[in-house]
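The chain that follows stands alone, in the form predicted alone, written as structure tokens.
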């Protein structure tokens, strides 16, 4: 096959506030433009169709994470922070750290947490039902993960709210050094110091995920220097995707009341309702890879050392893959969505996110007759994440 010479070019800025407010027209334009598009503003490549996004995610040998999953190329400039030993490494080094986390966060481990998480969800929903209205972002989608996740890690009680600005810094750092990044890191050092301290063995309980990660030092799977870095990676992976995913699910179920009634009729659809919200809203919108060799994508030649931006949100609404992609449908078979990535670098915290989403939505299905939006929702802008800053809701109690 002859390789095309001139690729389609887009002037869109996927890191602008205008784009964050409404990314869907740009997503559609990029998908329609071709299998690969050149983004003129940043002189990078972009893929927005499902097949190409899925290919890039799953071919780590050609599309490397080790040179950074953001716009910055670690081979050409120093990273803003120490690279993650999980997210920003490739096999075989990546496999060693990922093996530890896969064991710590196994399906069996999630089963041991389910009863405790479900009880916490019931308590939180009962309390919110006692109010006339509340803001579902700080008081549910943020509050629930911050209530249960640090306990599972084995973190001490104080200052857990620091996990939110820490995640905001990390995910903003994957984009350009724009205003959002500058705002996120303005007061970074106290938060970074706190996170580093929480990752040390001496500050973690004996019965949490953090201690289990540190135990891998004794088996030779991790070094003493690596163990706290892996704990720190988990602190990032275990909060932000869950917060944004829960917010997306609450926003969807309140906007589409017929879907919430389906969930009420069958609370067993809670996991599916959360999964469909992740597809529909795609809390993690974009990630980068860097080519390790010359490669052909969709008939176009890409040189070695080029940044490729994957539009996960666009892939999750690609009509070439999904029927009725603009509909939120909790009965949809969402297998294959890329909301948690795909391949060896798929989100390490996805089982936790799914468990937390499931127990919260099950509690809502059992206790709540209707979810009403009682104020104007507001978006929170971030260079990587799509989420809400505010979602005023009223819960109507079942009779």
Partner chain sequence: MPEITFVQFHGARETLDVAVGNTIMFAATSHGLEGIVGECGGNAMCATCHVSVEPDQLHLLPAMTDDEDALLDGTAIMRQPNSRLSCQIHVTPALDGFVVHVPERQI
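Predicted, not measured: the structure shown is a model, and the values here were computed from it. Positions refer to the first chain, counted from 1.
One more form of this protein should be noted, the form predicted together with its partner chain, which is absent from this view; the next part is about it.
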Next on the checklist: Quick check on this chain: which one of 374, 346, 369, 40 has a heavy atom within 4.5 Å of its partner chain in the predicted complex?
Outcome noted: 346
Next on the checklist: So its partner chain isn't shown here. In the predicted complex, which residue out of 186, 293, 111, 324 has a non-hydrogen atom within 4.5 Å of it?
Outcome noted: 111
Item to check | Any non-hydrogen atom of residue 33 within 4.5 angstroms of its partner chain in the predicted complex | outcome: no
Next on the checklist: How about residue 350 - does it come within 4.5 Å of its partner chain in the predicted complex, if we only consider non-hydrogen atoms?
Outcome noted: yes
Item to check | Interface membership of residue 107, its partner chain in the predicted complex, 4.5 Å heavy atom rule | outcome: yes
Item to check | its partner chain contact at residue 318 in the predicted complex, heavy atom, 4.5 Å | outcome: no
Checklist outcome for this item: Assert contact_stretch over 60-68, 24-32, 40-48, 331-339 against its partner chain in the predicted complex, heavy atom within 4.5 Å, equals 331-339
Next on the checklist: Taking a heavy atom within 4.5 Å as contact, would all three of 98, 275 and 354 count as contacting its partner chain in the predicted complex?
Outcome noted: yes
